[in-house]
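In structure tokens, the next block holds one chain alone, the form predicted on its own.
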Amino acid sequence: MKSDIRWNFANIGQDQVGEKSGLSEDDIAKMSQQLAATHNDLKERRNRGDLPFYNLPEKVEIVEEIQQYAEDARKRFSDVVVLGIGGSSLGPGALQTALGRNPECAADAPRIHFPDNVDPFEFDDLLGRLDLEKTLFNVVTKSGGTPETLAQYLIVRERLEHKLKDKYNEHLLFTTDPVKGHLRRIANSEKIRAFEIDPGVGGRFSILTPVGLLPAALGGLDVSGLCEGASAAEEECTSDELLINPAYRFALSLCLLRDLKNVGTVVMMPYCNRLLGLADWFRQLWAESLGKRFNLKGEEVFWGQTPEKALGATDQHSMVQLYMEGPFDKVICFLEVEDHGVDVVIPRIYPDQPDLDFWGGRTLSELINAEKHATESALRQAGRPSITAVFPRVDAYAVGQFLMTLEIATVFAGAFLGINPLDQPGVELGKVLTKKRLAGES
């Protein structure tokens, strides 16, 4: 039975956290015309085909092709290494972290590795531990020119050819542009299997393309469930009931908190280790999409809101002191899980010691969820705003729903603010200067 994520926005209101950091009903009401205009703008752009990520859950034929390939690959490989960085790694990695240990995960699933940094020690260590005869390398870059990914590919390519001779290409898989780029050319000339990334879908919105779905299927995850949850979110989050639409409400809340209350940091704080990867994925989505110098009119706006991550209950003992008594510049987005899938009962060992016996008979699920609610309440009393997304359970449907909701929220925020959430011009200069430095230029 499918159960939807529930969103709670009550704790951003002035009636809950006060005037200093809370939004009033009037703050929201003043935005009604702009909200409607933004909704209509997104609708028109989607109809023109400018936002193809909305339609990814409907690509049944791609899902079937991926599942067929993965079923065969799981019989041949004990390890899969995903060579990619940014959106080519964060999303797929988040799926494995969230769902890779679920009971419905395929029993024959290989180990999935994400060496998404070019740290020489770590990369060499990983390659040294792998049996290359039983390892598949999935090279992921839409442009086919990502420097870090190409460097890793060239190293792997040499080692595979040295070990496997002319069978090296059977251990390579490309996920790239359907027509352009180095990887597409190499795939054609060296007979390497390649999956296509829709040219209109940027890296941080690509989790429901083969970028995310292929590693998920190779890892034995419920790919159909992911798409089903995303499809449900797509329907819910295109509703013109603007303040009930969770994607629009999430985006509007964070934008207004930043612009009206100087809340420049949003902390995503799951009370579930398996969801911490989703916070990592969100950090790129929100930061790279909305941290922009110019708006669509060419005016300097330097807009941005810094996304951070924390882990409940762990970071109650490191970060919550800052959230409670530091600057009024943060909003916390809690991720709560009702059913953790398993539970552990705390035993009653010291009945004669009340402080210890108090915990006996309770469970770890009760404890971690009580800590979430207590932290939320304490922040509210301290005048600190928060939002909560409640996962009925951590399954593919809920994760797919969450991902699509936040992708739609991000493009809505961009349209609302009048900035382009689909580009990343600030990243390009670093790439240019890296090549110059390696070439010995100043």
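Start at 1 and count along the sequence shown; that's the residue number. Predicted model, so just to flag it, every value in this text is computed and none were measured.
There is also a form predicted in complex with ligand PA5; it is not shown, and the following applies to it.
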> Does residue 427 reach ligand PA5 in the predicted complex, with heavy atoms at most 4.5 Å apart?
Replying inline: yes
> Does the 4.5 Å heavy atom contact test between residue 203 and ligand PA5 in the predicted complex come out positive?
Replying inline: yes
> Should residue 171 be classed as touching ligand PA5 in the predicted complex when contacts are defined as heavy atoms within 4.5 Å?
Replying inline: no
>> I'd like to know if residue 152 sits close to ligand PA5 in the predicted complex, meaning any non-hydrogen atom pair within 4.5 angstroms.
In response: no
> Of the listed stretches (216-224, 142-150, 159-167, 326-334), which one has a non-hydrogen atom within 4.5 Å of ligand PA5 in the predicted complex?
Replying inline: 142-150
>> So, a 4.5 angstroms cut-off on heavy atom distances: do all three of 43, 236 and 413 pass it with respect to ligand PA5 in the predicted complex?
In response: no
> Only one of 85, 109, 287, 313 has a non-hydrogen atom within 4.5 angstroms of ligand PA5 in the predicted complex; which is it?
Replying inline: 85
> Using a 4.5 Å cut-off on heavy atoms, which residues of 320-350 contact ligand PA5 in the predicted complex?
Replying inline: none
